[in-house]
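Below, in structure tokens: the form predicted on its own, a single chain.
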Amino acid sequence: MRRRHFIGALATAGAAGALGGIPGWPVHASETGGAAKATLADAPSVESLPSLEGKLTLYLGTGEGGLYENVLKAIEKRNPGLELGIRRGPTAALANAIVAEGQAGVRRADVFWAVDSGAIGLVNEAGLAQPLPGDLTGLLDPVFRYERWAPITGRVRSVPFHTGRFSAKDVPTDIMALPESGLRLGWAPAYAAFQSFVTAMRLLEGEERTAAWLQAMARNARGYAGELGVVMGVERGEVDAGLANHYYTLRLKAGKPDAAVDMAFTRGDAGCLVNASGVLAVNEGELAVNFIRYLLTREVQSYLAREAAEIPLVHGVAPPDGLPPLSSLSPPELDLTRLADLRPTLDLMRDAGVL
């Protein structure tokens, strides 16, 4: 959805259906004096949130094709008393900047919105994340509740495959078996999402098994610059299957409904990891926390599910079309903040000859 359509829909109260998920979001916040009480059944609406007033500095990890920018413009339009300053940059670089600033005794960021939980973990491990109130973290599925940060939307690892040649039952449900499956495979080892996946594998399977897996993949896989390229390569028949976050397949099929590609999922291992974008407060104060509340509303969550094909992690918001519900998947149990431990992963990948 283009930015002008998104923001324009928010400017007119009662514009029901203008976005399908953000109907009638008014320009001015309602005067409730506090956030709505969370329930497991339903995330709050922006209608129930307090006005945002004052200066707030957001460090924003770039990505998602400007959709996060659309959300911020909508929040600003609804809250004319908010003076939002935004520092944009790669998520990892901003995380390192926050840590460096903290070591120097300054905290220029009030809020950090990252496209990857590993960067959140880096800031959290440095002791720079503020605790969040329970009524906010309680909006999230229990698996995704953390004391000092809030996952915003999820993305699950998947195995896109060519539907003209195979079905989901032809794809191994064990990620460790994939290199020897006989399938022609595509991957993007230099891509950040793939490296987070390898970090999860290293933590779950150990370095020795992960190194052997990487070496076996390197013998059989065709490399791509990014995971959208992997999915497109599968659809064109260049490879039989690949490794990618789920939304690349959904986005391709949204523009090309007859695309010859679908997704399979492994079970209980890093191949089905659910990673997440996330947000944390660097400085104390109600303004930072209340800003985070907006990102967990059903309107914002519905928008990101529909337009970015990301997975909402609050209750009462449907997943993107074409993705099975999280309850039907079998992701591994893993504290996502541990994905910040990236350096050993990069060393392992270099030693294995894939970087």
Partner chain sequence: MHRSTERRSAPRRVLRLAAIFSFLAGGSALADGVVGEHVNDLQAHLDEYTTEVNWLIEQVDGIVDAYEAGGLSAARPEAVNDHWEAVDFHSAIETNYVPLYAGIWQGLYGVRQAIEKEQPVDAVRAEQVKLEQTLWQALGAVKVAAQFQQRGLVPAVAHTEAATPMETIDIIKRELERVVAKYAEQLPDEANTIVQETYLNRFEGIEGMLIEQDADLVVDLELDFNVTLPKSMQDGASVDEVSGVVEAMHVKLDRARGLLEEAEANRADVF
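Given the structure is predicted, the values throughout are model-derived calculations rather than measurements. Numbering follows the first chain given and starts at 1.
Below: the form predicted together with the partner chain, not depicted.
- Each of A74, L252 and E307 places at least one heavy atom within 4.5 Å of the partner chain in the model of the complex.
- For the partner chain in the model of the complex, the listed stretch (231-239, 122-130, 139-147, 172-180) containing residues with heavy atoms inside 4.5 Å is 231-239.
- Checked against the partner chain in the model of the complex, the candidates Y248, W187, F197, W213 yield a single residue with a heavy atom inside 4.5 Å, and that residue is Y248.
- The closest non-hydrogen atom of N290 lies beyond 4.5 Å of the partner chain in the model of the complex.
- Among residues of the shown chain, G89 is one whose heavy atoms approach the partner chain to within 4.5 Å in the model of the complex.
- Residue contact check for Y59: none of its heavy atoms lie within 4.5 Å of the partner chain in the model of the complex.
- In the model of the complex, at least one heavy atom of V300 sits within 4.5 Å of the partner chain.
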